[in-house]
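So this one's two forms of a single chain, laid out as structure tokens and tagged structure 1 and structure 2.
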Structure 1
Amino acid sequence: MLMMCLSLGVLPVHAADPVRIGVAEALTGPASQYGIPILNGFLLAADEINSAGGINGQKLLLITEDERGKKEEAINVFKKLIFQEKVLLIFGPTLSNSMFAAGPIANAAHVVAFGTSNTATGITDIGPYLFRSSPMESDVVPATLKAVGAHIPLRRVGIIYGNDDAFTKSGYDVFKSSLQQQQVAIADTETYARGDVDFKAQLTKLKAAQVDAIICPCLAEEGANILIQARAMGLSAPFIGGNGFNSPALIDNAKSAAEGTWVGSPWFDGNAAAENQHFLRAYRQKFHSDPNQFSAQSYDALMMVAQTIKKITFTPQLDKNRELLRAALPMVSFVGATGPFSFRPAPPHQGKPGGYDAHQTPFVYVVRQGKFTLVR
């Protein structure tokens, strides 16, 4: 009888049973520079929630899996969390590429997949069970370009991006559209393939184009190599990055080559709001290091999910509880480490309902003296 109940998505629920939350993040491999801070944010939030008595008397239990930043692993991990671990929802995966691969699994199973670091256009087109607290590049990029243009002239720019990666390709599309809207000419566009480490040929062409700035919607690892090689060959134009540049790894790896680089972000560590100051103190105390945007976003995400779950009356049916959460989550109105947050529905895609995107105002930084410094 118990096996039959499990197969139907029916679980006996007791007050002491934990709320099982899936976490699928890249904890090894290159994308772990994002995935580990994300996991830290979840761990901190879970500790605080459980120390305060849990949610309506139930503790949170994080079921964590390493999807390694790989599409195939993300698919396997999602299947395991949904069908074997019987989680209420899944946070992750880390990269947009992985969400495009694994998100349809969750949507078909009617399980919320909640991305905290996915910014590529089209993520929430997958379906109504896709949520993300990471503002899209299409929200952040126009604000970034506007802020940069207020400090330096932007008449002609060059672009370098990876054309075989969903995140970098989406970033390129958004930058291109935003540049056209702001009447900034694109003098040259260069591409590379994932895994490339030598960018001198592309940078030589960008240098010859004599541009005011170089747009680089790249991940931090590639971006650091591009910055180092650009400065070594005397290319002095400032770089403007997308969300992939929002990592201490960019500055740690590029060192002085990162100076003068611009980037937009939904989080500012210098925000004096009480919610952010609490997060900073708690994170430093627990992990003995500074948080970044990705840990702030994951911390807020779990907090807002906990806030939502408190308003739900659970039933003995896991499938029903998953549906109740999906129905309640869009009504979130939350203020956390990243500031005020709410969801907005994505437009229908191909006649089918979409998911929910972040509605949030970004900050804009420039790297000065080895630190991300707020300019807006």
Structure 2
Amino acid sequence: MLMMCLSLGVLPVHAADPVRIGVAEALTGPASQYGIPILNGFLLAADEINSAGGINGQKLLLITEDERGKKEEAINVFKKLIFQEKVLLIFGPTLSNSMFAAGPIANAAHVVAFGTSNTATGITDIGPYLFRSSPMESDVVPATLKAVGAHIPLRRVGIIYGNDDAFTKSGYDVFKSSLQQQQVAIADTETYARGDVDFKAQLTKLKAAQVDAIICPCLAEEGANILIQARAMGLSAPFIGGNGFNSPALIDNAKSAAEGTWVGSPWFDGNAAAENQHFLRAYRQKFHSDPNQFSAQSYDALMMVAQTIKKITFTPQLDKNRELLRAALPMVSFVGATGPFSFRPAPPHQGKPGGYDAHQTPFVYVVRQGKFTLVR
């Protein structure tokens, strides 16, 4: 009897133990320009959750590890978080290539790996423990092209993309097939390599191709450079970008050269919804800088996980809790800074069950007078 009382007495202490969440992002190295904004989104969400009393009285504890955008480090960090830090779930890693390496570790250990920035196809083929809140380009691009086509003629386009990077190459593949479906001719395709700064040779060819628009599934940093150089050499066709263009850095860097650029993306900084306005305000207050899409997506991801955990009654066993979370996550129905969000099960891959992709309606907008302005 005494023993039972003692063990019962222990339980409340257990309940006050923090909920341990792993964050594996690239915090150094080239990929850290995405990893750090992602981490900021998590930090902001964790602050808000904890200052509101945590989840059912439990504080949220983020355990952050740097995976440097390298596959072996991503694997090592995942193992450390799963087996040593005993986390409930892992957010990250930053790059799709790293997820292809680390995802199978989490899947085999029956721990949810939740990507907030991986857009490559095939990520959720890894298995049923894979979740991502970043919509694939194939969900964003067709809508973007349709919306742009309603405003400007799209008969002949040129494309420029980075052909040594998983993100830009996936974007290109999707644009190419959508353009073919919508019967838009591709007059010229140009590529560049990571680290290039001079795009004039490619742009000179695109200029000579006389196209209605230039598709640029690039990241914002290169994108801004491409825009500046295109305008300086008198190439006036409008640019259409994907996910990667959705960053304040595009307008900051390219300034007037960004004018008239079309972007399709799951997050819109001008979205007047209360959730987004709150996020913008809180982020600026905490970090004294503007958030980008990566921070919005990670902020939402932690918020929706917290919402899900609230509904779970945890057991003393970590394995069971991890399974409970995995079972509950697909039911998420959430409205955050990126708008309404739910998961969509990925089709089975080679007879094995897949994970869960993001189901979201993208925003399409255009740069007018130095600001992203919603189309439609």
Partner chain sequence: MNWVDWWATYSTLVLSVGVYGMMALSISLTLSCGLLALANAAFMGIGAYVSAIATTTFELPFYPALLLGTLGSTLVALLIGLPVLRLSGVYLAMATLGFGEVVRIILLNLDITGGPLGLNGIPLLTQWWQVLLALLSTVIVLQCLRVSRIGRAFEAIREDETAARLMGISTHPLKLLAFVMGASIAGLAGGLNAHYTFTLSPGNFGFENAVDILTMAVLGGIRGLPGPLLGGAIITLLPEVLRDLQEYRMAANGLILILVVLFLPQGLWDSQRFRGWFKRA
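Throughout, rigid core stands for the largest set of C-alpha atoms superposing within 1.5 Å between the two forms. Since this is a predicted model, take the numbers as computed values, not measurements. Residue positions are counted from 1 along structure 1's sequence.
Between the two copies of this chain, it is structure 1 that is the form predicted alone. In the core-superposed comparison between structures 1 and 2, the C-alpha atom of A108 has shifted by less than 2 angstroms. When two forms of a protein are overlaid on their rigid core, residues whose CA moves 2 Å or more are considered shifted, and S236 is one of them between structures 1 and 2.
Relative to the larger rigid part, the smaller part rotates 11 degrees between structures 1 and 2, based on C-alpha fits. Comparison between structures 1 and 2 places the CA of F199 6.6 angstrom away from its other position, after core fitting. After superposing on the rigid core, the C-alpha of Y172 is displaced by 3.4 Å between structures 1 and 2.
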